[in-house]
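Single chain ahead, written as structure tokens, the form predicted alone.
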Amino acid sequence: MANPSIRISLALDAGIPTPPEKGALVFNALDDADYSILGSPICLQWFKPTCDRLDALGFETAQSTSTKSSFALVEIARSKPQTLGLIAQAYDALDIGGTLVVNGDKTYGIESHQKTLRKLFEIDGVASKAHGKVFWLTKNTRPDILDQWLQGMAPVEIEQGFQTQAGVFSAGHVDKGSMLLLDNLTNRIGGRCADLGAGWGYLSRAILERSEKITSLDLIEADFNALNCARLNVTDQRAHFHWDDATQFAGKGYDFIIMNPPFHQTRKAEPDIGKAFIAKASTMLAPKGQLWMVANRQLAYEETLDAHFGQVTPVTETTQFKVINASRPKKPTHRR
């Protein structure tokens, strides 16, 4: 994806009203953009690693805001309902006469969003660059359809009574890989447990219902919205919720770790994410602890597993997924 700052700079040169020195709002802020061209904005973001990188760059980050502003930028998301909800939130956060800017790549559907908004508003300007577009408009009358867009961001009930939200992983259904892991998971699970990349809580709720021997379960999830759904789905008092990057989590001494690690943040596969989860799990487990994981079949995690565990056992494999049990975590070696 091209650096979005390029298009924002073009739009500023093309006549977008100057954002305030402080208090511009950036919805779904990205960590590869230079938002200093917007002064000192508030960056709204729900993915913990992105938030951490924005914080390190000196930007103020938040997951919600009651601030009103004369300038709001929306970086579109892959999920259309999520993007429409963000546009509605941004519009409502503007003062009358304020400027709404929408920026994104063609692969994420920026042209479709432009067509949708053109039916409701007069578009003040458009700039195209680097396989994407940025367009902007002025806030005036509020269309009623924005209420529907906001509602599209609220948790909804899916199968088995689970609640999910637009934009989270597997928002419309239970993930098949997670189902396969649960079907093949040992019945002896107990003690201190952790779910790395817990999502909206499918696996966590299931193992808590299955085993009274679990003394505690830490749900570690980087997606703020997914974790909030997990709080709705997992009400067992043994569950504890952590908004954190699983690869940076500080917990140790776990008896069992379960995980269905993410393998992409963009459209292309990124197996290094899963490898980092595996490496982290080995440091979090007690000496006799076990890792149970599911992964897409084509992802080559075996070498990483062998490097971090003394015993790696393939449990089952389908045309899409594989379930692996790993035990005897190796102590990390420190080079001088």
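Here the structure is a predicted model, which means the values were calculated and not measured. The first residue of the shown sequence is 1; numbering continues from there.
Beyond what is shown, the protein has a form predicted together with a small molecule; the following relates to that form.
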Partner contact for residue 110 in the model of the complex: the small molecule, 4.5 angstroms, heavy atom: no
Residue contact check: residue 169 to the small molecule in the model of the complex, 4.5 Å heavy atom: yes
Partner proximity in the model of the complex: residue 203 to the small molecule, non-hydrogen atom cutoff 4.5 Å: yes
Contact of residue 164 with the small molecule in the model of the complex (heavy atom, 4.5 Å): no
The small molecule in the model of the complex: contacting segment from 87 to 95, 144 to 152, 220 to 228, 74 to 82, heavy atom within 4.5 Å: 220 to 228
Contact assignment for the small molecule in the model of the complex, among 244, 124, 255, 105, heavy atom within 4.5 Å: 244
Selected contact from 211, 138, 116, 178, since only one has a non-hydrogen atom within 4.5 angstroms of the small molecule in the model of the complex: 178
